[in-house]
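This document opens with one chain alone, in structure tokens, the form predicted on its own.
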Amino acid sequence: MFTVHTPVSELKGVGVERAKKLSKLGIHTLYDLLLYFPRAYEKRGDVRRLADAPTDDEPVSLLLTVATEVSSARIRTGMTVSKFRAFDESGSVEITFFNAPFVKQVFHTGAHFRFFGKLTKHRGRLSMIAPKYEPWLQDTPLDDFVPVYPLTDGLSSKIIGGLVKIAVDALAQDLTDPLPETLRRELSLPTLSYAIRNIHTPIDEGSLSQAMRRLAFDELFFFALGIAQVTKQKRTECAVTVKKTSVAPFLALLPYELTDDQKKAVNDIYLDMTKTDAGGNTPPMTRILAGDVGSGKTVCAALAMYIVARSSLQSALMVPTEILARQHYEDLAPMFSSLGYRVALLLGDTKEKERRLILEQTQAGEIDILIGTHALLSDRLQFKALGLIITDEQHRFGVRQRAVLKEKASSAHMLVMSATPIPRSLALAMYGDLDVSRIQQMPKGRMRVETYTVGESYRTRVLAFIEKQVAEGGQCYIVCPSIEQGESEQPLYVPDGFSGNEITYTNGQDLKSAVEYTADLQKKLPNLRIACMHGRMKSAERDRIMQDFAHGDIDVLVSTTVIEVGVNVPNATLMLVENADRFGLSQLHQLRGRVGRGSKRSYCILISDATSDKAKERLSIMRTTYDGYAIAERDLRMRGPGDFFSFADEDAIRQSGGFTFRFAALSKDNALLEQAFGAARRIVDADPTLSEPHNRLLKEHTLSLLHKTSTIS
């Protein structure tokens, strides 16, 4: 009997080597197979006649009869070419396979097959090269939607699909559904068993859409449940009371005046940490500080740390990258030192001797402010009097990671900074009654980044403009949508209502890839210092490249979206985004915010030959709108809530801490997010610890996600 805990090595056809390859994909058990969802689908059920089929980059499904036996020949390169003809009632086509001599045993005159691939026409003759195929028997229906799975070397989509089918057939029907039946019925959601079956082998477009909606709801709901529990708990706790103090000494060190929004945010933080309730206790601050890249959130955080330091309490600032941590340290340490406070930096690569000293001094209270990355989560780190925890770039840290840091001092206040301008409706759904401070004004004197949209025909002029910017002492970012050529989209299908359908039938060969782009650009601009950076590099290598760019040792940095969270480079004056139609509005706005940080005039050039109305509308909004919140609201209406969960990395949409947003990130259903967060709050209000018997499964499932373990049975 198979169970959710059965190792995949017990399945037929899975030996030691194949098990190792599956483990690279995170597949160890049959339960992992159930949750190894397709990345999209080939819509093979839409069968055309040859006479009516398109002959462009759109793949087509054809029901054909083999007209001739396969003829094979070896050509000069040593390659084997196998050809035969097939037909339907409207015409015939030549089908060719390369280095596939086995097809001689597959295709015989009179046999019927369904072929799926691209059809081309040359001098009136139709042809297909290496299409996918399935035997077609009149009484045996074929699947309309064929799943396409993420792969690794040595594992085809067919192999993974076969293993998934075994797991689904054996286990899906008996899966325990963690959602209460009353909630499912209230929101018209299908069962988990139905969703798992139809996400892998959908009956039709409607069943696929229902399955995706259920799985999207689950992602949002269990994330919301975790947030609601943490929020509820914090509202019952007592935090350290911070003494009222003047911030004038710190403000005197700043070479500029704070904007009105910054002043309001600092005042909100100050009141949060100094107020007391009727019993004389201070509720813990849990505030979200949201604002555009470059809007001045860091100085607000610094003022919060100064206020805390004045009460002889410590602060911890956790950021997602080492290079960002170093920059914060270099900016803040001198200021606080002049005020008599000590700042230290703790990173993953901090030498053991220095690390030990920092840990000792932090525990003794000799360090007032500790800046670091995930190194701050170490069990070895203990504070003497931690009063404030700040996490920078909120979308990079999950609920669990923030909770780990909070466990070091349950009485500490919490400030979370987000560079994503969050629309009011989304903030209300995500954070409920949490406090949100929004910085909408940009610092005084900051010049607007001039934004242009151009097509491929402007390539020569764009290259000349890059050279001009560098010659005038500026630096350039170039962002590409993929890492390597051909790795992005194959012809895929995602149902209506999910934003993935905007990229249906995209030719992946047309996408600019960072690696090939860098090599080509270096040939065209040989006098410039050009470097490449992407998410598959080790973090230390990315940090080194970014540090070189920040120090002016690199003229042009070609990158994927990993530069969204990066250092402040005032000298960067040009942001060039290739295939700009591939990015959401909020993502483009964040990328644009990487330039214009200094005194020089800066530019953002969005390159796209997209012809769809939606793509043109997005690019037009970017060209004419500079208010991050206005852009966020438009993005929410156009693309749904998922875009605000999509910044975790470039290969998967992931919320750190165990929550993975894949279906929620595709969904355009804004109401689904409000329903998920509303349901979570209602449940937690009635049962804060989920200890009631009817909430047992909810508690187990939430804990399994937080701790990245699988407990559903």
Ligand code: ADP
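This one's a predicted model, so the numbers in the text were calculated from it and none came from an experiment. Quick note: we count residues from 1 along the sequence shown, nothing fancier.
Keep in mind the form predicted in complex with adenosine-5'-diphosphate (ADP) is missing from the figure; the text below concerns it.
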**Request:** Please name which of the stretches 447-455, 379-387, 515-523, 288-296 has residues with heavy atoms lying within 4.5 Å of adenosine-5'-diphosphate (ADP) in the model of the complex.
**Result:** 288-296
**Request:** May I ask you to state whether residue 443 is within 4.5 Å of adenosine-5'-diphosphate (ADP) in the model of the complex, using heavy atom distances?
**Result:** yes
**4.5 Å heavy atom contact, residue 256 to adenosine-5'-diphosphate (ADP) in the model of the complex** = yes
**Message:** Given that adenosine-5'-diphosphate (ADP) is not shown alongside this chain, does residue 438 nevertheless sit within 4.5 Å of it in the model of the complex, heavy atom to heavy atom?
**Reply:** no
**Prompt:** residue 374: heavy atom within 4.5 Å of adenosine-5'-diphosphate (ADP) in the model of the complex?
**Reply:** no
**Asked** Which of 321, 241, 568, 92 has a heavy atom within 4.5 Å of adenosine-5'-diphosphate (ADP) in the model of the complex?
**Response** 568
**Prompt:** Among 587, 262, 391, 573, which has any heavy atom within 4.5 Å of adenosine-5'-diphosphate (ADP) in the model of the complex?
**Reply:** 262
